[in-house]
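Next comes just one chain, in structure tokens: the form predicted alone.
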Amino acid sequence: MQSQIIKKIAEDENISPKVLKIKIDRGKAVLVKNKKRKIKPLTIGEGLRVKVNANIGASTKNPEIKDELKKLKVAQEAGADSIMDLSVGGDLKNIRKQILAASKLIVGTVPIYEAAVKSEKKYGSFERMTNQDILDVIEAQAKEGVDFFTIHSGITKKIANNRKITKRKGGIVSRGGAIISRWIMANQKENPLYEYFDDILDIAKKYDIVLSLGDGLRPGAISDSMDFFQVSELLNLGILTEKARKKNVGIIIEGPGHVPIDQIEANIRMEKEICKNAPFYVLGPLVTDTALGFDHISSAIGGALASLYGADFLCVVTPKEHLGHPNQEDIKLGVIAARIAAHSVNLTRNKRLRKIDEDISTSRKKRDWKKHISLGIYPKAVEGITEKLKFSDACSMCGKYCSLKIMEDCPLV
């Protein structure tokens, strides 16, 4: 069965099954799917099509599951490859159960969120959370069928206790990173996700779960890019990657964040070197701190460059980033922007995908508007536009002075 899956995926990725298997065996690619779920697995990694993940999830101010299920539907329709449930509000177990049931895509979570929420209710503060509380949540979510986990194992006591951490321009912008850092500071103990990493690996192996090693200290401001904290955490993730590979557990490395455009290549090369070419999952990166309301565009610029240099997995950034809880429209725009970034690089990774661009160019030249629109990144957004603008042979931009029409019957000189 596994060989049939590899064969089908290799066909989709336009590479040989043998090459794909070697990439997976060496940790350069991962096959994501919990053994308990009946769903098409997703491959992420070196030389494969760049994939796109969309985050959804109830917040403490917006705890309704119905809104998140609508966002899930929108993300799927817009072409996301995976979904992450980042819920911290409402009935977390029920929300996750409904998302897993409704999703046609692989689903990831951040278990430390639920562990913190439960501990807040149980002890009055997540600072009193125990290592067993965390492991119990990880095991429970694995049993439910979650396909991949973000685990913030790279933050150590030594790093969190460095007083300069409070001097960062952007602070700690990772929710999971902040929870773990605060817990370490309050208890003066080692990060349980680091100390008990072997136990987490055992759970992951039991259910065929891929671990996405979280960048809890990713730069949340351009000025923090490649600072001591980002690099120190990444060095730890490199060590943990080796541990995971010895136990045959698939690993993805999460990355920045906010990165100046001239540092993107260095970030990718650094991760690939330190983590021995493990798949790289980037949030953006955002190339400027100024794009409020338009961070999906900033993210798409960074995501395209990151993918060109070797990133394998893009996390959707919505226009609401840094502003508030995204709605359905925000999710749609974020997914589309990330898909454009990914596709711009996928053309170079999978030659079959180039045919889509060639076909759309041919239909544009022929002014075959119906086919032209059907081949677009999100046809639903522009369906009917030709009727509204009264397109006939030429579009409404140039009319009878259409360049394509002018040259169509031009006699050869």
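Keep in mind the model is a prediction, meaning the values are calculated, not measured. When you see a residue number, it is the position in the sequence shown, counting from 1.
Although not depicted, the form predicted in complex with another copy of the chain is the subject of the following passage.
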Quiz item: Counting only heavy atoms and a 4.5 Å cutoff, which of 291-299, 140-148, 230-238, 194-202 contacts another copy of the chain in the model of the complex?
Solution: 291-299
Practice problem: Report the residue, out of Ala116, Ala278, Ala78, Val107, that has at least one non-hydrogen atom within 4.5 angstroms of another copy of the chain in the model of the complex. | Solution: Ala116
Self-check item: Contact assignment for another copy of the chain in the model of the complex, among Leu135, Ile336, Ile95, Ile274, heavy atom within 4.5 Å
Solution: Ile336
Quiz item: At 4.5 angstroms, heavy atoms only, are Gly171, Gly324 and Arg354 all close to another copy of the chain in the model of the complex?
Solution: yes
Quiz item: Might Lys365 be said to contact another copy of the chain in the model of the complex, defining contact as any heavy atom within 4.5 Å?
Solution: yes
Quiz item: Ile406: heavy atom within 4.5 Å of another copy of the chain in the model of the complex?
Solution: yes
Quiz item: Could you tell me if Lys246 has a non-hydrogen atom within 4.5 Å of another copy of the chain in the model of the complex?
Solution: no
Practice problem: Tell me, yes or no, whether Ile22 is in contact with another copy of the chain in the model of the complex, where a contact means a heavy atom of each within 4.5 Å. | Solution: no
Practice problem: For the heavy atom contacts within 4.5 Å of another copy of the chain in the model of the complex, list the residues of 324-353 involved, in sequence order. | Solution: Gly324, His325, Pro326, Leu333, Ile336, Ala337, Ile340, Ala341, His343, Ser344, Val345, Leu347, Thr348
